[in-house]
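Before any questions on binding or motion, here is one chain by itself as structure tokens, the form predicted alone.
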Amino acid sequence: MQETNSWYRRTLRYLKRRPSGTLGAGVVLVFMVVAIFAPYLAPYHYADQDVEAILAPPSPGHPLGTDELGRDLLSRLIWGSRVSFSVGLIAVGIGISVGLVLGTLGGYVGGLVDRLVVALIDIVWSFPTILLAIGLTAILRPGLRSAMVALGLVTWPQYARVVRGQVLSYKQREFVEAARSMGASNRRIILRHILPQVMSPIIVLATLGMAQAILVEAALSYLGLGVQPPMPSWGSMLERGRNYIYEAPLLTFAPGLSITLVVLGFNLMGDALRDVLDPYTSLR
């Protein structure tokens, strides 16, 4: 408990010296709260139409105006945040799960299993992430669920590579040898002694992975392979808004700014977490 409190105090001191990390966490927290409480914060349902206010400018009834179908832009932005965070969380969860299992197996078992894991990582990484995500989404049929699965399946190598390297290092340490000499099973050694040591870099990767997942999901939805109408996605809103960029620039500017702020927030928070969790970083 004392060690935890000490780490907590050192982390707070560091974040005070690194305001960008605090700013990033604040931006992410705001958008996360908006995503969670979207049904209560949105003035309208995302599919509600006002046929008398098509492409209307901002007004008291529609603070950001309406789109080409008379739907409230602010409401669709708020509901779109829920889609982006849902895709990011599920995709990162799938990527971490697959990466942890394969990376741990490769690093701990070694031999042929390790060579197979490394070969699989190299194969997946030989394709650009966005192109592989497009291909998988097309195979699985466009939609929210397909986007989540596709993003998870194309991002697991980054987690597997880090986990494998950490496991290779820790399995030779004295505390693991001591546990093995006391009769601890491989399962217990992995779960109780090795995996807790590798979670710090995974947390950092997961934070940065959220930014990547939100960006790729926006690209998929922009191409029509992600979230399908009438459900809003920031990427699909960008695609539809570009046709009216001169008549109603907010249709493009608002979702574009939302994507930029969320991705920037996750990147700033990830950089701060990396320094906080790095044992070689001085936090004194």
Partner chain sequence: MRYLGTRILSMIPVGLAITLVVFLILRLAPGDPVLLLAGPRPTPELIERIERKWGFDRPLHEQFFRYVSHLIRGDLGYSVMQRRPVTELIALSLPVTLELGLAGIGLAIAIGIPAGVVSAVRSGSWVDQLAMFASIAGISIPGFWLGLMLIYAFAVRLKWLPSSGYGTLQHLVLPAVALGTSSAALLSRVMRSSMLDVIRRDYIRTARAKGLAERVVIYKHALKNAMLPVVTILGLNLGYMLAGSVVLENVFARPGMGRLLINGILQRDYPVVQGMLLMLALSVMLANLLADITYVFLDPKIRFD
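Residue numbers count along the first chain shown, from 1. Just so it is clear, the model here is predicted, and its values are computed rather than measured.
Beyond what is shown, the protein has a form predicted in complex with the partner chain; the following relates to that form.
Heavy atoms within 4.5 Å of the partner chain in the model of the complex map, among the stretches 77-85, 195-203, 181-189, 138-146, onto 138-146 alone.
By the 4.5 Å heavy atom rule, the three marked residues Thr22, Leu29 and Met32 all fail to count as contacting the partner chain in the model of the complex. In the model of the complex, the partner chain sits within 4.5 Å of a heavy atom of Thr252.
In the model of the complex, no heavy atom of Tyr46 sits within 4.5 Å of the partner chain. Within this chain, Gly224 lines the site of the partner chain in the model of the complex, having a heavy atom no more than 4.5 Å away. Interface membership of Gln166, defined by any non-hydrogen atom within 4.5 Å of the partner chain in the model of the complex, is ruled out. Although the partner chain is not shown here, in the model of the complex the stretch 183-207 places no heavy atom of any residue within 4.5 Å of it.
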